[in-house]
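Only one chain comes next, encoded as structure tokens, the form predicted alone.
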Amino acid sequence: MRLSVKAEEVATFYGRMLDHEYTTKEVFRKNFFNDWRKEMTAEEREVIKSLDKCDFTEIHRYFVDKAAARRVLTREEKQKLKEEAEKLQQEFGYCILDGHREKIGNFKTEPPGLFRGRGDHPKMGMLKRRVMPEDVVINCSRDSKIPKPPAGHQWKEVRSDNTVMWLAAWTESIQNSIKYVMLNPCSKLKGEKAWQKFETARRLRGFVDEIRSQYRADWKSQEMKTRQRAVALYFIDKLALRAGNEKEDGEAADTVGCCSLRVEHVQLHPEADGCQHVVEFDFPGKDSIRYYNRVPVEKPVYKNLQLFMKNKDPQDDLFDRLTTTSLNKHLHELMDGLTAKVFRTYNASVTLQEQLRALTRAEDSIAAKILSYNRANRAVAILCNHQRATSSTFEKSMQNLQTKIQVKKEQVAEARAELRKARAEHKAQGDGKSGSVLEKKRRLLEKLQEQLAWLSVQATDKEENKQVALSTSKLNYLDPRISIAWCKRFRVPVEKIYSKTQRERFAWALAMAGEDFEF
């Protein structure tokens, strides 16, 4: 069937994703089909009434072939594409800020497509519409050269606001949230903001003992409002929960944070998993990612939760006397600049530092030290509930890795036999030539053993991290000075921990952190 241009474009968005897990989800399929039908002509809607009867395999094959063709491009063709991308980067990817040429982070708007979301987002599969110049607000100084919109179009607005960091903004069509063009994380201004964020979290060190003593005392307060605030603060501190009520206006997803927990999200167990006073949490967190945790709590917290839940329906608020606004006001009173996110950053960084101390041994190989680092990072990711779905290619890549390990084991066994043979020959002959051969065989065995150890560490790391997203905490919640100091202390190359882009992002930390840095 020959489709109209609009209907065909939306069909290609779905066809391109045909082998993706999303297209098996009923919510995704339903939302896609509803939005696709809106783009069809009346005649097309008369014919296409059921997604189950549509065959997208030809469209999917087109994109598979296109990807295959890209993979076999010649070096010259790849170089040409790289040069074209660099030309775009030079033209649109920089701005002048306070007289300095600074790199822009994302100078392209998001293309149209199907919204994916994270977790079980109720809007997954909906059509993400094309951003037009008429949607975009440009922010630049009055005396700057204003970028020209495409021919026949105009910007929504051009303004000069030096109190914000964004250079352009538009509202996306799915959740009506504002998207921004920002400076690159490695820019001077972004680096200063990051430094301030981690310094605020470090400052919490001097207040945290007093804050903890205060909220413990407040568990016995005569005021229900104070008790609820104290228990919520305990959860924000100990479990790194978000404050809650952070949804964008118009967001349909029922996402929950600490202040917006309902009775149905919490179950109390007098005893479970060999512990007393266990609280079971089960709720959709940020980006609709499920937060599930069973954790033993202190007895007064448990007793207070029983009190808060008494005579309430499952849909009722657990903390009905508490709001995010009142909690944040209280946090500001405890310490200037303190928010739930500062607590999260503080506890994440402290956890990393403690885990690195506990797991790292100076005598370990570089590979073993990196495994220890990733395990410490994973402890933080688990604390912050940074989950991800296991990749569809995980099993295949693990099989490939195990095959490499097996081949390397055989090479090690062969090299060990060769070394034994060379040792026997050297013992019999005792000349310089046989000694040189022996040394060569010994070095080869050492090299192969090192490669085998590295592959084994990779396999362990891959298995342990298959459902945990390490990069979110690593880039946003962990003071990079901790990692850099650890690298210097244990003689681990920084490039083994941070990529080139990440090293540019944390240039300020690389310049500041010595091996004796303490968070």
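In this text, the rigid core denotes the largest set of C-alpha atoms whose superposition between the two forms falls within 1.5 Å. Remember, it's a predicted structure, so these values are computed and weren't measured experimentally. All residue numbers are counted from 1 along the displayed sequence.
What comes next is about the form predicted in complex with the DNA, which does not appear here.
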*Among the candidate residues R378, K179, H265, H426, which is the single one with a non-hydrogen atom no more than 4.5 Å from the DNA in the predicted bound form?*
K179
*If you check A272, I289, I370, M335 against the DNA in the predicted bound form, which one has a heavy atom within 4.5 Å?*
I289
*Is W219 close to the DNA in the predicted bound form, meaning a heavy atom pair under 4.5 Å apart or at it?*
no
_Check P314 for me: does it contact the DNA in the predicted bound form (non-hydrogen atoms, 4.5 angstroms)?_
no
*asked:* Against the DNA in the predicted bound form, would V164 count as a contact residue? Criterion: heavy atoms within 4.5 Å.
replied: yes
*Can you check whether G285 is within 4.5 Å of the DNA in the predicted bound form, heavy atom basis?*
yes
*Pick from 472-480, 56-64, 26-34, 486-494: which stretch has non-hydrogen atoms within 4.5 Å of the DNA in the predicted bound form?*
472-480
*In sequence order, which positions of 182-211 have a non-hydrogen atom within 4.5 Å of the DNA in the predicted bound form?*
M182, K190, K193, K197
*Under a superposition restricted to the rigid core, does Y291 display a Cα displacement of 2 angstroms or more between this form and the one not shown?*
no
*Inspect the rigid-core superposition and answer whether the C-alpha of K128 shifts by 2 angstroms or more between this form and the one not shown.*
yes
*asked:* After superposing the rigid core, is the C-alpha displacement of M17 2 Å or more between this form and the one not shown?
replied: yes
